[in-house]
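Below you'll find only one chain, the form predicted alone, shown as structure tokens.
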């Protein structure tokens, strides 16, 4: 149950799944970097970047509906850029009157805002595709081979591992509350809003204490089973000629789109 919530890996036997995780990590990082470096308003370049994601999703047997649904998490963060259309200088295309104040939307600001939305969305789609085609231990293995600091990898691995511990403890608390709570025939529980807030605060405190105790037991169990600061994987990763060709092709396509976005598009 928790794996469906936190782990979005889809086990398949496609060519994308069989790629070396180092290739996928490098290509996705370069994709996000190249995406961020594209100028504002180069819509054809954005479309080509989206086409690359679509082709990769088809090759990995992933539905675009799955990727789009998961990518909606980026929408709340885009609110931080909502002021750009009203602050960037340019030709006024629309004016809003809020009380005694007037907000003018410029064409340059609107283009930049839409460009930020598209670039952010494409980057999130690429990251979701990476996690959907690569098991988490393999991702950590790739980061270790790419010489990412071991401390950072350890922090990421523990964060991932203890998300499941936290969810499990929260589920136990909710199940205990349901078993001790009486409900009316209408299906509503009793108590005022203040009382409910006190109960919720108490549950959060219990969750913290129980999670700390549980995490300590989990860590001791990991040490007893040979944990030495990194998650191990049973998959042997060796770069093949196909991995090199796929990586080189992807990097070449990104470079072509980047050059085209700055010169022709």
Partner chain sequence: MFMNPIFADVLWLHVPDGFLSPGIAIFCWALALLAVGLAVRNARETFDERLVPLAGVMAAFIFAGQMINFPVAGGTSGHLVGASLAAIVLGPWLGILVMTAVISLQGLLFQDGGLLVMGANILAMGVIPALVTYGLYRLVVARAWRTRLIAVAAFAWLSVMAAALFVALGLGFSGTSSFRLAVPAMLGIHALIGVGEALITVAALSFIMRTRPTLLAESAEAGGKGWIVGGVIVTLLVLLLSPLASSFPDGLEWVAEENGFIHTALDAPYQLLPDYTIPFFGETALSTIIAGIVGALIVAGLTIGVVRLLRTRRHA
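Residue numbers count along the first chain shown, from 1. Here the rigid core means the biggest group of C-alpha atoms that line up within 1.5 Å when the two forms are laid on top of each other. All values reported here derive from a predicted model rather than from experimental measurement.
Below, we turn to the form predicted together with the partner chain, even though it does not appear here.
*Asks:* If we define contact as a non-hydrogen atom of the residue within 4.5 angstroms of the partner, is residue 48 a contact of the partner chain in the predicted bound form?
*Replies:* Although the partner chain is absent here, residue 48 would stay clear of it in the predicted bound form, with no heavy atoms inside 4.5 Å.
*Asks:* Though only this chain appears here, would residue 116 touch the partner chain in the predicted bound form if you measure heavy atom gaps against 4.5 Å?
*Replies:* Answer yes; at least one heavy atom of residue 116 falls within 4.5 Å of the partner chain in the predicted bound form.
*Asks:* In the predicted bound form, does residue 73 come within 4.5 Å of the partner chain, counting heavy atoms only?
*Replies:* Yes, residue 73 is a contact residue.
*Asks:* Should residue 225 be counted as a contact of the partner chain in the predicted bound form, where contact means heavy atoms within 4.5 Å?
*Replies:* Looking in the predicted bound form, residue contacts with the partner chain do not include residue 225, since no heavy atom lies within 4.5 Å.
*Asks:* Using heavy atoms only and a 4.5 Å cut-off, determine which of 60, 207, 64, 26 is in contact with the partner chain in the predicted bound form.
*Replies:* Residue within 4.5 Å of the partner: 207.
*Asks:* Taking the partner chain in the predicted bound form, which residues along 76 to 96 bring a heavy atom to within 4.5 Å of it?
*Replies:* Contacting residues: 76, 77, 78, 79, 80, 81, 83, 84, 86, 87, 88, 89, 90, 91, 92.
*Asks:* Would the C-alpha of residue 169 be classed as shifted by 2 Å or more between the shown form and the other one after rigid-core alignment?
*Replies:* Yes, shifts by 2 Å or more.
*Asks:* With both forms fit on the core, has residue 155 moved 2 Å or more by CA between the shown form and the other one?
*Replies:* It does, since the residue 155 C-alpha is displaced 2 Å or more between the shown form and the other one after the core fit.
*Asks:* Quick one: core overlaid, is residue 205 moving 2 Å or more at the Cα between the shown form and the other one?
*Replies:* Yes: residue 205 shifts by at least 2 Å between the shown form and the other one.
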